[in-house]
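In the form predicted on its own, a lone chain appears below as structure tokens.
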């Protein structure tokens, strides 16, 4: 029983690490969004306002993805429902 619980907790930590790796990719995505927007504004200064608005929408969506990854990691580490189900079924 203890080995199975240890394996379950190890897999939860592994899943949290995968979820947190989302933050790395989010950072690269946000950098790409900003660099492309700045390049577009340099090429077409008259469209800078609409490009800036689209950039902020894209940044908000990318940041939301990173926050969801953090939320999933916190759930897997501190409020994992699988541990409670496992303990109820084994006990």
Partner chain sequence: MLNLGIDNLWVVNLFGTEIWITRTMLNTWIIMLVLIVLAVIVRIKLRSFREIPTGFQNAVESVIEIFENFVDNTLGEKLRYLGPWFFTVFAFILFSNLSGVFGLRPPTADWGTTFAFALATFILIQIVGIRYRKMDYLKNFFYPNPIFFPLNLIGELARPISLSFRLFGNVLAGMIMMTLIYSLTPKLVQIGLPVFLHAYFDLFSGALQTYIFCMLSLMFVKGASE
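In this text, the rigid core denotes the largest set of C-alpha atoms whose superposition between the two forms falls within 1.5 Å. Just so we're clear, the structure is a prediction, and the values are computed from it rather than from any experiment. Numbering follows the first chain given and starts at 1.
Form predicted together with its partner chain: not shown, discussed below.
Discussion item. Residue-level contact is defined here as any heavy atom of the residue lying within 4.5 Å of its partner chain in the model of the complex; does residue 45 satisfy this criterion?
Written reply: No, no contact at 4.5 Å.
Discussion item. Residue-level question: is residue 39 within 4.5 Å of its partner chain in the model of the complex, judged on heavy atoms?
Written reply: Looking in the model of the complex, residue contacts with its partner chain do not include residue 39, since no heavy atom lies within 4.5 Å.
Fill in: Heavy atom of residue 35 within 4.5 Å of its partner chain in the model of the complex
Result no; residue 35 lies far from its partner chain in the model of the complex.
Worksheet item: Can any non-hydrogen atom of residue 27 be found within 4.5 angstroms of its partner chain in the model of the complex?
Response: Answer no; every heavy atom of residue 27 is more than 4.5 Å from its partner chain in the model of the complex.
Discussion item. If the cut-off is 4.5 angstroms on heavy atoms, which of these, 70, 18, 82, 10, is the one near its partner chain in the model of the complex?
Written reply: None of the others qualify; the residue that does is 70.
Item to complete: Give, in sequence order, every residue of 50-88 that has a heavy atom within 4.5 Å of its partner chain in the model of the complex, or say none if there are no such residues.
Response: The stretch touches the partner through 53, 56, 57, 60, 61, 63, 64, 67, 68, 70, 71, 74, 78.
Item to complete: Using a superposition on the rigid core, decide whether the Cα position of residue 63 changes by 2 angstroms or more between the shown form and the other one.
Response: Comparing the forms between the shown form and the other one, which are aligned on their rigid core, residue 63 does not shift its C-alpha by 2 Å or more.
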